[in-house]
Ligand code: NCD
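Below, in structure tokens: the form predicted alone, a single chain.
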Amino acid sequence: MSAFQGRDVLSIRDLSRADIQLVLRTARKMVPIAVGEKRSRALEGKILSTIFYEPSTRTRLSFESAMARLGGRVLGFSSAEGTSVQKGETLADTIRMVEAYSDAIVLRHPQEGAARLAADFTEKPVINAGDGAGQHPTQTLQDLYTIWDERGSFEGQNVVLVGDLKYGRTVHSLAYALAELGSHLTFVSPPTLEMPTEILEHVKERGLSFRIAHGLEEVVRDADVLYVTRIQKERFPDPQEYEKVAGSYRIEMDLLRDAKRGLIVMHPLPRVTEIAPDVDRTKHAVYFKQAFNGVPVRMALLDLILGGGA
């Protein structure tokens, strides 16, 4: 029986190094099924509820694809419009209702901590698909899988995280995980959007070196992984603060001229102007592959939680 059987996945920090390695190894086995070369009925008869209070394209569709590829079914909503939430139904009541219809629940919610709260209201496993500026563990697992698959390891890799490091939930979770896995981290952001102190303290506790920079040019040459994020207007309390930093960084061909041959450029998507379209054709660009990797990674999680093993 899998150590994940019936388990909640709320934060990457709840997963040990062994847990992460198990998910990544299982995901690699899932790739032939994810691309349709093989078929699986591992989750036949199982139902997944996807409860999305916030817009999502990649996360929701990759969970639905993952469940379908394993022979399971999906029900749920992709926005609160047209549901009883509009009538004032609480999250607790929605979760209690949904648990009666399904074997596991995937939740995206604008409020930080919502997934952990939801898990308190149900015995069914809850997977956090993003809660405000908080956690997005399956995105982190997908990012880790991409680095592992492309670079072969985590230890000693120089990973540069770029953009909104203050409000961006993907970079918070990824920094925690990479610190546990032994990567060197460089944080590039405008001065007003630097990585929160508690994350820097965590990296220090792990005895790892890190750099803080405000310009990309000074760090690209040494990078093995360039992880670029969108500066997210929706996370800013003050629109004027957003306008000051919007478009601070853009990855263009000139910037990559002195990069290592094996550098990979990642992005959780959607991108706006952060990466020039001509970068897409280079060997460095792996962000669309990264988006695909969400399917085998989420297949792995669902199979470990609902099926009991790969």
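Quick caveat, the model's predicted, so the values are computed rather than measured. Residues carry their position along the shown sequence, with the first being 1.
Keep in mind the form predicted together with the named molecule is missing from the figure; the text below concerns it.
- Looking at 146 to 154, 216 to 224, 167 to 175, 89 to 97, the stretch with residues near the named molecule in the model of the complex, meaning non-hydrogen atoms within 4.5 angstroms, turns out to be 167 to 175.
- Listed residues Q232, Q111, T83, T122 were compared with the named molecule in the model of the complex; Q232 is the one with a heavy atom within 4.5 Å.
- Note on contacts: among P270, P32, G262, G45, the single residue with a heavy atom within 4.5 Å of the named molecule in the model of the complex is P270.
- Though the partner is left out of this view, S183 does not reach within 4.5 Å of the named molecule in the model of the complex, counting heavy atoms only.
- The closest non-hydrogen atom of T59 lies within 4.5 Å of the named molecule in the model of the complex.
- Although the partner is absent here, Q139 is a contact residue: one of its heavy atoms lies within 4.5 angstroms of the named molecule in the model of the complex.
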